[in-house]
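Here's a solo chain for you in structure tokens, the form predicted alone.
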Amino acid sequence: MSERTVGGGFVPDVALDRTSPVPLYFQVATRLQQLIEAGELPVGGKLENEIDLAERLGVSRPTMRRAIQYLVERGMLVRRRGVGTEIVHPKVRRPVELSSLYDDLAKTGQQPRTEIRSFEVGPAPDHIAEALGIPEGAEITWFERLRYAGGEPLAIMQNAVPVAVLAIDRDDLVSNGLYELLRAAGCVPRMANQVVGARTASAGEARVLGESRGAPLLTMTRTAWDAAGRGVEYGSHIYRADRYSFELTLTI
């Protein structure tokens, strides 16, 4: 594979399968995405202009433009007037499966860090008790965390865990993910109901997440149960839409 220096980084040539039913633009975009996520195309680097890049890869300019636009929409590239196409922080792409954000960040080397914003033990509100299937007024540990990825704020997460399931220590949440703590206590989440949505950021949320008021946010509400059907966790999370996406694989 040959390489050339561009904007302080290396842009490897992209091998394309012209006999594949997968569109060429998607093949180009997918390979560039892999290089960005692997750090081979460094944050702050720039792609060569789309005409030269299209010529070098042997694709049409519309195909190259569509590949670049695909990555712009996924938050991996940004077009700046007078500067060109710049590589920015890749989004956290989270498969819609039963895992925690901490696990997903750690697995992809994105240096998760947690700030505890609130932590208290008390009776469960009715809607949380109903979701978890616990008696009204049963004690829960309720906490709000600000999760960082690679030094940048990514998500505000509110969670409730029944005290009867796990007595959580505040300090443990700083250095561990919630699901890691649940697994260590033998309370392994096996099934969950998860609802994903979107809305705009309030002034307070925008301030905490380093966004502008009204910026798009992704939302996720989840209730998880263990193998015995016991409710072990309720969560209500918001994520920066410019750094985060949910990924689904669908089959028929």
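Numbering starts at 1 and runs along the sequence shown. Only the largest set of C-alpha atoms that superpose within 1.5 Å between the two forms is called the rigid core. On a predicted model such as this, the values are computed, not experimentally measured, just so you know.
The same protein has a further form, the form predicted together with the DNA, not shown here; the description that follows concerns it.
*Asks:* Note which of 121, 174, 167, 83 lies within 4.5 Å of the DNA in the model of the complex, where distance is taken over heavy atoms; exactly one does.
*Replies:* Of 121, 174, 167, 83, the residue with a heavy atom within 4.5 Å of the DNA in the model of the complex is 83.
*Asks:* Taking 4.5 Å between heavy atoms as the contact cutoff, choose which of 48, 226, 205, 37 touches the DNA in the model of the complex.
*Replies:* So the residue touching the DNA in the model of the complex, by this definition, is 48.
*Asks:* Using a 4.5 Å heavy atom cut-off, which of 52-60, 193-201, 37-45, 218-226 contacts the DNA in the model of the complex?
*Replies:* Contact criterion met by 52-60 only.
*Asks:* Would you classify residue 65 as touching the DNA in the model of the complex, given a 4.5 Å non-hydrogen atom cut-off?
*Replies:* Residue 65 belongs to the contact set for the DNA.
*Asks:* I'd like to know if residue 24 sits close to the DNA in the model of the complex, meaning any non-hydrogen atom pair within 4.5 angstroms.
*Replies:* So residue 24 counts as contacting the DNA.
*Asks:* Should residue 117 be counted as a contact of the DNA in the model of the complex, where contact means heavy atoms within 4.5 Å?
*Replies:* No.
*Asks:* Could you tell me if residue 113 has a non-hydrogen atom within 4.5 Å of the DNA in the model of the complex?
*Replies:* So residue 113 does not count as contacting the DNA.
*Asks:* Inspect the rigid-core superposition and answer whether the C-alpha of residue 60 shifts by 2 angstroms or more between this form and the one not shown.
*Replies:* Shift at residue 60: 2 Å or more after core fit.
*Asks:* Look at residue 29 and decide if its Cα position differs by 2 Å or more between this form and the one not shown after superposing on the rigid core.
*Replies:* True for residue 29: a C-alpha shift of 2 Å or more.
*Asks:* Comparing between this form and the one not shown on the rigid core: C-alpha of residue 80 shifted by 2 Å or more?
*Replies:* After core superposition, the displacement of the residue 80 C-alpha between this form and the one not shown reaches the 2 Å mark, so yes.
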